[in-house]
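The chain below stands alone, shown as structure tokens; this is the form predicted alone.
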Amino acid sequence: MSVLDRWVNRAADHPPPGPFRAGFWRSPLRGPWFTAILSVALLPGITLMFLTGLASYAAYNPNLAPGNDTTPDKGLLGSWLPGWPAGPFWLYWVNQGVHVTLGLVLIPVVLAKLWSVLPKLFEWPPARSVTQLVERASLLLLVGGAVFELVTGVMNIQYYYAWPFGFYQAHYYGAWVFIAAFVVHVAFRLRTMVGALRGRSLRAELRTPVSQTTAEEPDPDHLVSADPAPATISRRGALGMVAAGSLTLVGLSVGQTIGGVTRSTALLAPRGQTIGLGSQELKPDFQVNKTAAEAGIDPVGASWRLELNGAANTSLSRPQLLAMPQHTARLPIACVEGWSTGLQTWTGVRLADLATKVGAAPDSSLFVESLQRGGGFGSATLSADQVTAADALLALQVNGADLTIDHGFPARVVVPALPGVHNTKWVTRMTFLPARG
């Protein structure tokens, strides 16, 4: 017997007190089957969360500059990024609604899964072999990554982000760490999960009352308690509590994405019900992410002019913009936090017409600058496809009335399928940039 084997055996015979000892965990519900059932929900849920998160990141066009890239030094993690299309108009609306709502839905499932495997987190000794050490390390990254992504994500959508590091960078890097640990964990545990699911009937478990609920058969992973206590809830009841928690979170949040009459149910969403301020002439009004006062925007007078830069340079007053051919489009504004304005009727000048006015090439991107200064997003770069989209506008009116100051007066960008933060308000300068050679 090697020195390592003797140390492992000695450590196993003398575990620390408390949760490191097998007798500490006595719930009869824990076991491979219960954990596997929760994993069935998490496998597709987490996969879809990751994919919609990547799509959301791609929608920010972080490879365009300046104004867009909030995640420096991406390296290989950014090499996959495709261009983001300017349509269909609901693309980002649906993507981000699914991402945020699904993230909330999975919280009860993740918590239940963590509860089901708590004995594994306190297993002693920490590792008996190199293979087990790799698995335990992946488990630590998996649990830590899941908690980090959920906590920072929920804090961000609730507008209570108290961390010193940036959300976009941390959430993006954290997602890659988490998904790497997730893939490793699935590779180690998929066979065990399938075997556990085959070992018991879901229908039979859902028919078993608490009085007949007993522990599963002993398992090599020691999830099943060696000395189970009498059941106080059935597995049917436990799974029902998880499902009820998820459905409650859906009901209290999804209305912020769907809009209409369901918006009144979005009690957990900061932008679910709150509408714009000081906008009496707009009927109906709609959500505002940041008011003019919060953005430090002073009242804009008749002296405002839009600076247009391209092959030629010019500036246009608001009356001159209104004298140009006007285009109307029904578009939503959807934000990374999962809420949307719903469909609004925007009227203004096509970005393509402004590009033509300054002689910009058809493949030019567009750098948009706002009157907003310091903090937040005061600029954004749009791709050539977004500039030339038929419904891409420099909007001057919404719902038949002039923009209010909170909605971006004197002019704002509105582009189909673009994240709300890139629908820049209070536009002051637009520069058409030739394609890179």
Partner chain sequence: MTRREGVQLLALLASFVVAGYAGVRLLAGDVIGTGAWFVGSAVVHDLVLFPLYAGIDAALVMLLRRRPGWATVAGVRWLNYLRVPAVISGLLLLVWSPLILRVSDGAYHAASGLSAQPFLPRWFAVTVILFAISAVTLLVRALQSAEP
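Since the structure is predicted, the reported quantities are computational estimates derived from the model, not experimental observations. Residue numbers count along the first chain shown, from 1.
Form predicted together with the partner chain: not shown, discussed below.
Undergrad: Would you mind picking out the stretch of 219-227, 299-307, 248-256, 321-329 that comes within 4.5 angstroms of the partner chain in the predicted bound form, counting non-hydrogen atoms?
TA: Residues of 248-256 come within 4.5 Å of the partner.
Undergrad: Which listed residue (311, 261, 134, 206) meets the criterion of a heavy atom within 4.5 Å of the partner chain in the predicted bound form?
TA: Contact check passes for 134.
Undergrad: Taking the partner chain in the predicted bound form as the reference, which of 120, 290, 200, 357 has a non-hydrogen atom within 4.5 Å?
TA: In short, 290.
Undergrad: With heavy atoms only and a cut-off of 4.5 Å, decide whether residue 361 touches the partner chain in the predicted bound form.
TA: No, no contact at 4.5 Å.
Undergrad: Would residue 412 count as a contact of the partner chain in the predicted bound form, using a 4.5 angstroms cut-off between non-hydrogen atoms?
TA: Outside the cut-off, so no.
Undergrad: According to a 4.5 angstroms non-hydrogen atom cut-off, is residue 165 in contact with the partner chain in the predicted bound form?
TA: Contact with the partner chain, yes.
Undergrad: At the 4.5 Å heavy atom threshold, is residue 177 in contact with the partner chain in the predicted bound form?
TA: Residue 177: contacts the partner chain in the predicted bound form.
Undergrad: Where, within 323-348, is there a heavy atom within 4.5 Å of the partner chain in the predicted bound form? Residue list please.
TA: Stretch hits: zero.
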